[in-house]
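Below, in structure tokens: the form predicted on its own, a single chain.
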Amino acid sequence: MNRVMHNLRAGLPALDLRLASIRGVDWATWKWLLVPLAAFFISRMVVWGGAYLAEVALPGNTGTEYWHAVPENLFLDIMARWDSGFYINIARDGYNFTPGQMSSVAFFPLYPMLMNMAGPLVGNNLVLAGIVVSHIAFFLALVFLYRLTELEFGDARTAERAIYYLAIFPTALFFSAVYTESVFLLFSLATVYFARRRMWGWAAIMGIMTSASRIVGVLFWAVVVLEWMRSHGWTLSQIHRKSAWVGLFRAVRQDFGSLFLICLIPLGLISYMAFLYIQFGDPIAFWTAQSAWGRGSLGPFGAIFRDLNKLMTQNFATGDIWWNSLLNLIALFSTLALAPFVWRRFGASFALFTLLGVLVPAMSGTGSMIRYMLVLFPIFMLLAHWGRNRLLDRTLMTAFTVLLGLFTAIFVNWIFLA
């Protein structure tokens, strides 16, 4: 599969040239669409093919707690596991909140709202609606990642590597599942892309949607503010200079309208908090409910030490270990290690999102960190830049593809992954 993907990637320029001779159309100008389309279909073939084979050929967990959303249609059912049930229930019945119990208020509203909107178009089958929303959002996210990476590096090959690394990352199966990852990634990428293009109105709209899709989405208010400040000549490296502050104050007076629009980004979170207060009397019920999953406000260091202790007390010889805790800690430490390089290459705004994208959820535990890392797109842009090294490129492509197939098999057979 890695060789097929590599050959396809290598052959795209030649394909463009051949197509260019057809009816005089310059297909090279459409690479921003064709390359993401190729990455989308190839990666989804790996995910769907692996998921189907794993479900029919490998023994999975059975029991009343391992439900099947669409038992009469295996192709749909394999993409609805674990948290998918909450999104389906929210889209169908609305929110519920019972303190001390796993309640649906822990899940932000944008994705189930989009499921509801898509439902009538697919016969009110909410599982299919969720899958359709996830796939459309994922494809559009690949397009935005391609355009953003090309904008940043001025190099189509780097942009190509970025979308392939993301599309076949080991936990990229969640982009096909009834999960919010695709939607969050789409709007976060769109927010940053428009901010980099100095299109502040569009950045604000996309930012509002991002803050309505996941708690860390509200961070994009700070991300876009930093981008706005950067566009007016203020950066952290200039913080000690009086001229930088004078220029910033001048920018506030002259471009206050754009700054005002940017400050609307938290409205996605604020509106959800208002709903929770009216409905349940607890504006932070989404955080209160975390305790039912064994996630408390330990702070990032407390959570890390707790999960490290889990690993140290396990018996590796018998294999009865917290293997997903190991994966989550690897994801956390890898992200923290890459953050300084992200800062150096892309600036403070990208580094802020990368760091807080793992530290905020780590406040209550390191669980699912390998899934949270999936949407930290600056990491994939950085890896794509480093992927100019052919050995590193092939290593990443091979390792990611193999692990994607393995993790997909784990997920569909009701073994908790993230």
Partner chain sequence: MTVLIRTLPRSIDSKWVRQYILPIGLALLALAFINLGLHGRLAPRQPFAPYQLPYINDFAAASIGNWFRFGGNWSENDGMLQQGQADAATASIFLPLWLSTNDVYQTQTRLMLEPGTAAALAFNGQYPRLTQNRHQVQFSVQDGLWQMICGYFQGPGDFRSQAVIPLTQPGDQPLDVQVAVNVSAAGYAVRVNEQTLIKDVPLFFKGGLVGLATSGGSARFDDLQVFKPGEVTNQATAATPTALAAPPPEATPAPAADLVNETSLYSSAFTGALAESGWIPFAGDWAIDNGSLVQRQVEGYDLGIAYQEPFEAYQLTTRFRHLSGVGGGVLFNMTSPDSKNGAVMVRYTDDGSGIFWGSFDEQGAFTGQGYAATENPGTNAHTLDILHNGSSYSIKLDGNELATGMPLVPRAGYIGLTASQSQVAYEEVSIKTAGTGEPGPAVSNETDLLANAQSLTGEWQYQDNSVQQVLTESTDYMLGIGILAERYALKVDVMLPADLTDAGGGIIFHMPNRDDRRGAYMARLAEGGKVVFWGRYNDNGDFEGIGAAEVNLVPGTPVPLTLIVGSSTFDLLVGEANVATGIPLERDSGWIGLVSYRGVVTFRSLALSLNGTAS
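Keep in mind the model is a prediction, meaning the values are calculated, not measured. Positions refer to the first chain, counted from 1.
Same protein, other form: the form predicted together with its partner chain, not shown, and the subject of what follows.
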> Is there a non-hydrogen atom of Gln279 within 4.5 angstroms of a non-hydrogen atom of its partner chain in the predicted complex?
Replying inline: yes
> Would Trp343 count as a contact of its partner chain in the predicted complex, using a 4.5 angstroms cut-off between non-hydrogen atoms?
Replying inline: no
> Is Phe138 a contact residue for its partner chain in the predicted complex, using a 4.5 Å heavy atom cut-off?
Replying inline: no
> Given that the partner is absent here, does Arg388 sit within 4.5 Å of its partner chain in the predicted complex, heavy atoms only?
Replying inline: no
> Each of Pro71, Arg92 and Leu264 near its partner chain in the predicted complex, meaning some heavy atom within 4.5 Å?
Replying inline: yes
>> To test your reading of this chain, name the stretch in 152 to 160, 304 to 312, 109 to 117, 281 to 289 whose heavy atoms come within 4.5 Å of its partner chain in the predicted complex.
In response: 109 to 117
> Which residue, Ser258, Ser325, Gln238, Ser103, has a heavy atom that falls within 4.5 Å of its partner chain in the predicted complex?
Replying inline: Ser258
> Which pick from Phe194, Phe169, Tyr179, Phe184 sits with a heavy atom within 4.5 Å of its partner chain in the predicted complex?
Replying inline: Phe194
>> Do any residues of 184 to 221 have a non-hydrogen atom within 4.5 angstroms of its partner chain in the predicted complex? If so, which ones, in sequence order?
In response: Tyr193, Phe194, Arg197, Met199, Gly201, Trp202, Ile205, Ile208, Met209, Ala212
